[in-house]
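Shown here is one chain on its own, the form predicted on its own, set out as structure tokens.
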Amino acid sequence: MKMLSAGFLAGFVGVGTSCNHVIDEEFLQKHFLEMTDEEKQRVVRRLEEKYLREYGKTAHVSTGAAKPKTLWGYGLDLSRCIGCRRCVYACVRENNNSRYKPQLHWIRVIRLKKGNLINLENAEHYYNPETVPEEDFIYMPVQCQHCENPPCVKVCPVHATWKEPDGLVVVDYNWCIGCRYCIAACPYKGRVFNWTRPNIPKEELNPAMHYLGNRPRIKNVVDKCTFCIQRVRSGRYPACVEACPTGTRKFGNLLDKNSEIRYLIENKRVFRLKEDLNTEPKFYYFFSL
């Protein structure tokens, strides 16, 4: 396990020995929540140098903290979604997801026959996006629900995933041991496993990153939607919200009484997926028409 191995290697090699260069600094670094600001900046500098070597781009890796009095929430208007999947590919580009072998998506769009919304067993994940929208179907995008009581966090044996003060469920990729307990625990299939290092064309790398978000992930770790932490903590909408051509997706601060997301929750007939599990998702579905 990572904690034992790091401690063992540090003690075995010792400080000031000629073997120090063989220790992988990335492997030995602390859990993100235990790092000082100075240690975070040292890690960030190392990552930015690494990305410059690998991709030929100057990256900026943020470690920006949650804003006070903020609890992010998401709304999705199922009467407007046309199943075009532009959100899926905008997410891939923004979050430096693998483009091929394998292609990893954080958002799934499922097709349902009208009248069978609750019957997810008959949902289709694979349909022709060139034929949408289809008269007899509706489309439901599904991604990480950023639960208030996330089951994925409870099962992680090394505390590599946790809920931030602004409600975002995040992962410290350097601490993840790839056991995939979180994948099994998530009732929304909101997590994916990196079987390889992300395959990203150099010219397509997004250099605006967050340590807990869209930096290129390590092989054999789990990752997931973060509501574009690198964007929302700098005052921007998630990429999927901006990419949607029909205004289906809504996003905002649940603690702000004047926000659009609060208006929707208080004035529309909203529902959340699998509410009976007491996960308390911060992702709300509704119909406006």
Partner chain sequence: MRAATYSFLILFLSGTLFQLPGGTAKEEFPVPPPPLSEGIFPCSACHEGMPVNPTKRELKDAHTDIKLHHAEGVRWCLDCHDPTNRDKLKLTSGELVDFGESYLLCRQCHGPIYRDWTAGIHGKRTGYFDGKRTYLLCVHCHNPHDPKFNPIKPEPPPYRPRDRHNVR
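Positions refer to the first chain, counted from 1. Because the structure is a prediction, the values reported are computed rather than measured.
From this point on, the text means the form predicted together with its partner chain, which you will not see here.
Look at 44 to 52, 244 to 252, 29 to 37, 57 to 65: in the predicted bound form, residues with non-hydrogen atoms within 4.5 angstroms of its partner chain sit in 244 to 252. The closest heavy atom approach of H159 to its partner chain in the predicted bound form falls outside 4.5 Å. At the 4.5 Å threshold, heavy atoms of V232 reach its partner chain in the predicted bound form. At the 4.5 Å threshold, heavy atoms of V132 reach its partner chain in the predicted bound form.
Remark: R111 does not count among the residues lining its partner chain in the predicted bound form, judged by a heavy atom distance of 4.5 Å or less. Across the proposed site, D172, G178 and F283 without exception lack any heavy atom within 4.5 Å of its partner chain in the predicted bound form. Only one of K154, K189, K202, K101 comes within 4.5 Å of its partner chain in the predicted bound form through a heavy atom, and that residue is K101. Residues R80, I82, G83, C84, R85, R86, Y89, R99 are the ones in 76 to 99 with at least one heavy atom within 4.5 Å of its partner chain in the predicted bound form, listed in sequence order.
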